[in-house]
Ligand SMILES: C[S@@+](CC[C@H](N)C(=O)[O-])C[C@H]1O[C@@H](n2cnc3c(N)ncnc32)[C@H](O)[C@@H]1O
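A single chain comes next, written as structure tokens; it is the form predicted alone.
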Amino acid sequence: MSTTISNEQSAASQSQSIGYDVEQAVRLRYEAGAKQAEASLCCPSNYESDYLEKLPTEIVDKDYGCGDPTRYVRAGETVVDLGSGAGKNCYILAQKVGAAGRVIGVDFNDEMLALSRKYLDEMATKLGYSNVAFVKGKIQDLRLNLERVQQWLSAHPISTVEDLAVLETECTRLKQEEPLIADDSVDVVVSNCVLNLVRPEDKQQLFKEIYRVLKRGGRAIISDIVCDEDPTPTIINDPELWSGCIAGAFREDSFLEMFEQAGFHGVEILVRQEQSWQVLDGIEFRSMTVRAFKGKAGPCWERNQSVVYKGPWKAVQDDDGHTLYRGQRMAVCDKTFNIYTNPNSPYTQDILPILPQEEIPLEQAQPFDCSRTVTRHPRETKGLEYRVTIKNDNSACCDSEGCC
């Protein structure tokens, strides 16, 4: 708890001390980056070469990232790329998800949107299908379609204070009736070195938006710049360092906590750059890719399921506070059982599922108290009246090469 409070206070302090418009600094830097490639924007990343071959050179040259979140996406999925820039990640994703999938790039910068959209027809011809769209919006407000707002403004110019109130009403209507990205609508949210560019006071809302648009069971895969200590006031107040992915970098531990606070589970570091990308005032800045899952919310039902944690740790604790002791049958609710054993979950390789001898239909299940950690006796799983005897000859346990 104390760490969380410290992070919130740090964000508030940064917000109050910034003496310039963060959004404008970022917009101007990336407008220039869309016109002329700038190698100093973010750090170099290695991509799977097979997916780069079809991409126009201009897109590759004007891409500014620090990792490769596209590696963790599967065929047929709907993916949103936050801060899609020149479109490199989106066009790689288009190949990965295939014709049955869909890719939506979200960006606020008109120059970058024009660059990414420039190659839509060419890429559709190369791939043999069209599954990519680029939309204008702020990544911390994925409900508001800013191109629809601009269309409305063109038809309703603002000249009075009263007009502003009418605009606010229209924005509210658009968010509710025509959201840019709907609730629970996408399988994966990716981002490549963009979250750090958002103003400190908007970052909690940013993570809430990522959580909102994901389906239950969906995941966020975020590559971004992190630091081992909080940036100094001097660093924070340098607009070049903010737009250059330094001043707004997340502290390593607080980056993971932001996912936890938004409601994610299974938060894990997939890649952490060993050597720092830059060091300023003794503070190390490096790239890190994190994956987090949505879906631990919901009721807990007792269906006599249990799990065994295989090890190697003596005990582990999940994001809901369940402690699993190595080798012991732990009682879990139906929701937790499904999270642990889903083939696409981060837990499945470490968990042995144990189903009850007789399944309890979900509609007949009783509430399960997930706040307690308990072992489950084998008889609770098999049933108190289970008295079956099964005898096999030795050959049943042997393979074709013989037994021990």
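Remember, predicted model here, so these are calculated numbers, not experimental data. Numbering starts at 1 and runs along the sequence shown.
The same protein also has a form predicted in complex with the ligand, omitted here; what follows describes it.
- Partner proximity in the predicted complex, defined as non-hydrogen atoms within 4.5 angstroms of the ligand, places exactly one of 181-189, 316-324, 165-173, 103-111 at the interface: 103-111.
- Although the partner is absent here, residue 85 is a contact residue: one of its heavy atoms lies within 4.5 angstroms of the ligand in the predicted complex.
- When the ligand is considered in the predicted complex, residue 203 lies well away from it, no heavy atom lying within 4.5 Å.
- Within 4.5 Å of some heavy atom of the ligand in the predicted complex lies at least one heavy atom of residue 198.
- Residue contact with the ligand in the predicted complex: residue 143 places no heavy atom within 4.5 Å of it.
- Across the proposed site, 79, 221 and 268 without exception lack any heavy atom within 4.5 Å of the ligand in the predicted complex.
- For the options 138, 71, 329, 212, the one in contact with the ligand in the predicted complex, meaning a heavy atom within 4.5 Å, is 138.
- For the options 193, 227, 290, 247, the residue carrying a heavy atom within 4.5 angstroms of the ligand in the predicted complex is 193.
- Looking at 60-84, the residues that come within 4.5 Å of the ligand in the predicted complex, counting any heavy atom, are 62, 63, 64, 65, 83, 84.
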